[in-house]
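First, one chain by itself: the form predicted on its own, in C-alpha cells.
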Amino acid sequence: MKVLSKAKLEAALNKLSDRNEVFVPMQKGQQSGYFTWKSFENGQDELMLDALNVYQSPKNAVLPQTEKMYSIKSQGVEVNIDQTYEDAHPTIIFGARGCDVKGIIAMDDVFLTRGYEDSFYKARRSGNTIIANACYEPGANCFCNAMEVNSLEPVGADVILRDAGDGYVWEVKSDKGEAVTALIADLLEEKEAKLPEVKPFIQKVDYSGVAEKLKSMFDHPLWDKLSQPCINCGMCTYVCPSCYCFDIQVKMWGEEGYRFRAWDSCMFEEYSREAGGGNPRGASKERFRQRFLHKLEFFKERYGTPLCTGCGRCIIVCPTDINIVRIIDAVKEAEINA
C-alpha cells in the first residue's frame, strides 16, 4: 500500500500547491476551518488534520461565501453582460471528513442534476479534487452513520487518507486521484501499515422513517415547542457543510458594475421576503420548520438522501442548545392524530 509519512506531509502540501490551490483544515487565530495552504504561517497557524473536525466546512472551496458572477454595462435601458467569472482553476480539498464530502456531493445534486447546471458551481467542481480523511473514532456530537454517511469509505472522494500513526495510507479512488498522486509520487512509500481500530459512535440516533413521518407533520404543534428557543441567528447554516442558500446582489458605479452571490440563510426573515413585501415564512417558527423539513424530509424526497450529514457542528455552535438529534427523537416519538 502507498503511505505518506507525516514527516513528509508539509513537503507534499508544498508540491500539491505548486499546481493547485490547496485547502487544508487549520486553526488561524480564533478561527478554525479550511484555509489555503499557502496562507499557512509557521508559529501562528496550526494544521489540524489529526483533529476530528474544524468549525467551518470546506464547502467554501466549491461554493465561495462571496462569488463574483459577471460584470455588466448599462446603455440606456439596455444592460449587457461584459464578462463572466466562471472559475475552473485547479483546487484540492485536503483532509475532508466523510460528513463534509457528503455535503459537497449533496450540492452536486442541487447544482448539477435534474435538468439544470449552475455554470459557476460546475466550473469550480470541474477543477476540484477531494482528498478525504477517514474517521475511525467519532466525536461526541458525530452521528454521520445515521445520515447515510460511511466515515471510513467517503463516497465521492478522489483519494482517501487513513491515519496509520506515523503516516497516512494513501488510497486512490478516481482518475483525479491518480493525477494528484502523480504529483507527489516520489514522497509516497510502498509498505504495510496498521490501521487504527474502529471506535463506536457515542451519539445515537435513529433516522429511519423520519422523512416519511414528517410528511404529515407540517402543522403539528411540535414545531411551536421546538422552535421556541431559536433566535434565528443563522449560525447553524453557516457552519453546515450542506447548506447552500445564497442571495444575488448587484454593485453599480454609474453605468458599470457587477453581480455577485453570497451565502444567505433560510433562518433570516428577509431571505423569503417577496418583492411586494409578503413573506410566506415571516414567523420564526416557520423558518425553523423549513430548515428541519428541508434537512430531514424535502431533500430526501427529491434526491433520495437526507441533507443533514451528521457532522454535529450545528449542535456545537447553537447558542440556545438546539439539537437536531433531539429533534429527530421528538419526531419519532410524536403522536399524529388520524
Partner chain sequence: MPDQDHKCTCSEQPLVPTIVEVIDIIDRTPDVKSFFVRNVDGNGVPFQVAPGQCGMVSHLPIGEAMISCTWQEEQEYLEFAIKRVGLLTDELHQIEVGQKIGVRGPYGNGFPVDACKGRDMVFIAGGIGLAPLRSFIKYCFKNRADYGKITILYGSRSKADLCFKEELFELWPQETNTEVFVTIDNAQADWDGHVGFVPSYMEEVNPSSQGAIAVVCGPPIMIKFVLQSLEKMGYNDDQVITTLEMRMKCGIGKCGRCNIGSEFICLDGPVYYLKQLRDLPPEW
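Source: prediction; values computed, not measured. Positions refer to the first chain, counted from 1.
Omitted from view is the form predicted in complex with the partner chain, to which the following refers.
At least one heavy atom of G115 is located within 4.5 Å of the partner chain in the predicted complex. The partner chain in the predicted complex comes within 4.5 Å of a heavy atom belonging to F120. The partner chain in the predicted complex is not approached by E41, whose heavy atoms all lie more than 4.5 angstroms from it. Within this chain, Q290 lines the site of the partner chain in the predicted complex, having a heavy atom no more than 4.5 Å away. Stretch 301-309 is the answer when you ask which of 54-62, 24-32, 41-49, 301-309 has residues with heavy atoms within 4.5 Å of the partner chain in the predicted complex. The candidate site formed by K2, A11 and P196 is entirely out of contact with the partner chain in the predicted complex, as no residue has a non-hydrogen atom within 4.5 angstroms of it. Note on the partner interface in the predicted complex: the residue among L183, I72, A164, L152 having a heavy atom within 4.5 angstroms of the partner chain is I72. The contact with the partner chain in the predicted complex, taken as any heavy atom within 4.5 Å, belongs to R259 out of K173, R125, R259, K213.
Along 221-251, these residues reach a heavy atom to within 4.5 Å of the partner chain in the predicted complex: Y244, C245, F246, D247, I248, Q249, V250.
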